[in-house]
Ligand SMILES: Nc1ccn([C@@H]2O[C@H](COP(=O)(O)OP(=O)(O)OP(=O)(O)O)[C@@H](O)[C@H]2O)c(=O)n1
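The form predicted alone is given below as one chain in structure tokens.
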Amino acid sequence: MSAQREMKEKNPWHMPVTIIITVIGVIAIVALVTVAVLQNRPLPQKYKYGIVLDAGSSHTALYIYEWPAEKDNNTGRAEQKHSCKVKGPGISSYASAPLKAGESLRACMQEAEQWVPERRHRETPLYLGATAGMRLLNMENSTASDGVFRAVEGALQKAPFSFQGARILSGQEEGAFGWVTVNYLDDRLKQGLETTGALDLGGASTQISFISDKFDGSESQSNSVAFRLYGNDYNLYTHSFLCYGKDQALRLTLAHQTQSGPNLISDPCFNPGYSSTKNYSAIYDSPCVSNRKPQGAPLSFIQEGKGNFLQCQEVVKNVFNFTHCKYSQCSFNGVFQPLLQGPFGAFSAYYFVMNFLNLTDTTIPLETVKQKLASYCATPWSQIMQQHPDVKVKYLAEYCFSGTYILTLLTEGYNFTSESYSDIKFIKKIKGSDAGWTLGYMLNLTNMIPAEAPDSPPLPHAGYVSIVTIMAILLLILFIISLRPLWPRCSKQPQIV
């Protein structure tokens, strides 16, 4: 009996401290496993959606955006899920038959119903923003403009989504939202990096937007937009030139060449051998040129291509006014513009035209770009058609003009030099999403970009690693202590002398 009692006294497992160590060890193991499981468990991802219709001057496009539902205003980024180009012209072309404007959207809206999960239909916001084409129609005939919007709204209200309205964007909004899109997709806003300027070229207008250290808005408040995004303040310079999209600019150049009402013009902006009969009324039916129509002009004129880049550039320069500037510096038409700063992303028609001409590589010297374009313009029209049989003749015929106009707009209009031209990157998409104003517009209306920097997560990665490390060390110590009965008891063994 005394021997058993002596064994219990010598066995540490029967001591209260051993029980405490065991309990602490079990609790630590459970806590460690729980933290690891909760931190690393795969969560079923839920998404929200938004739809924006870009009603441009030449066509309408639908964009579907998707973002993690639990990260609306934090770390989740909205990305383009799908796009659909509406068949037919822009909605402003349906002024005389407004119902057709609404009907034209039907096919793309049906696609949207397939792409957005049915359970999300009712909560998915749907927006339509109209740009320069509708701005011109509204200037020319506000009654017709209102009729088109009523037809479009009627069609969109029948969709199963949460329709938020249709309206005309101002040129300033179009430029600013394009800038937001480019920098948001590139994660420059969240990380507080140097921002990228935005160059947008449509059919009826063009926009330039960028941040300049020299611009505080005081010299031209109408060109200033202030943002506070992710805890950073931005004072953006932006301007939209109505009538200076590539389609309306072509009208301006034709108006310049037909001021005397001729029956024939030799146009340096079209390939040699090109010939087409143009109707005077069709050229001058836009508010951009309607007040310039020559008196007593014939019904039509013949346009023959000459294919001379340098002469075309001189013709294009005539659509800009460089003689008047009441500010310290201007771009053109008396519009203030600060010194260019930083990299620029050029999208929409900038990309499509320069990509067709294989001139998107801005590491090529500007003079070489001009030489390549001059060579293209001088190529006979018959050869151009033979090389591009799948391109519609209307678009194919205009590439010499469009390329020349883009280079002239950038260098003569916006003051890009041979050195700063390399700061431009012609882009179509950024990380899978189309560059343009639509994403920035949706982000603004859904308040998805916080004014202040997002809060840190409750358990950041460093904290998680620290907790796991401490618990692992504690368990190791407890394990070593639990092996105490096996420790050699050298001090208690008799020594042999």
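Quick caveat: nothing in here was measured; it's all calculated off a predicted structure. So that there is no doubt, residue numbering starts at 1 and follows the sequence shown.
Quick note: we don't show the form predicted in complex with the named molecule, though the next part is all about it.
- Remark: G413 does not count among the residues lining the named molecule in the predicted bound form, judged by a heavy atom distance of 4.5 Å or less.
- In the predicted bound form, A198 stays away from the named molecule, with no heavy atom inside 4.5 Å.
- The closest non-hydrogen atom of Y399 lies within 4.5 Å of the named molecule in the predicted bound form.
- Contact check for A349: a heavy atom falls within 4.5 Å of the named molecule in the predicted bound form.
- Only one listed stretch (98 to 106, 125 to 133, 215 to 223, 279 to 287) carries heavy atoms within 4.5 Å of the named molecule in the predicted bound form, and that stretch is 125 to 133.
- Interface residue among S205, S145, T181, Q337 relative to the named molecule in the predicted bound form, by the heavy atom within 4.5 Å criterion: S205.
- The partner is absent here; in the predicted bound form, the one residue of Y327, F322, W115, Y395 having a heavy atom within 4.5 Å of the named molecule is Y395.
- Of all the residues from 366 to 381, none has a non-hydrogen atom no more than 4.5 Å from the named molecule in the predicted bound form.
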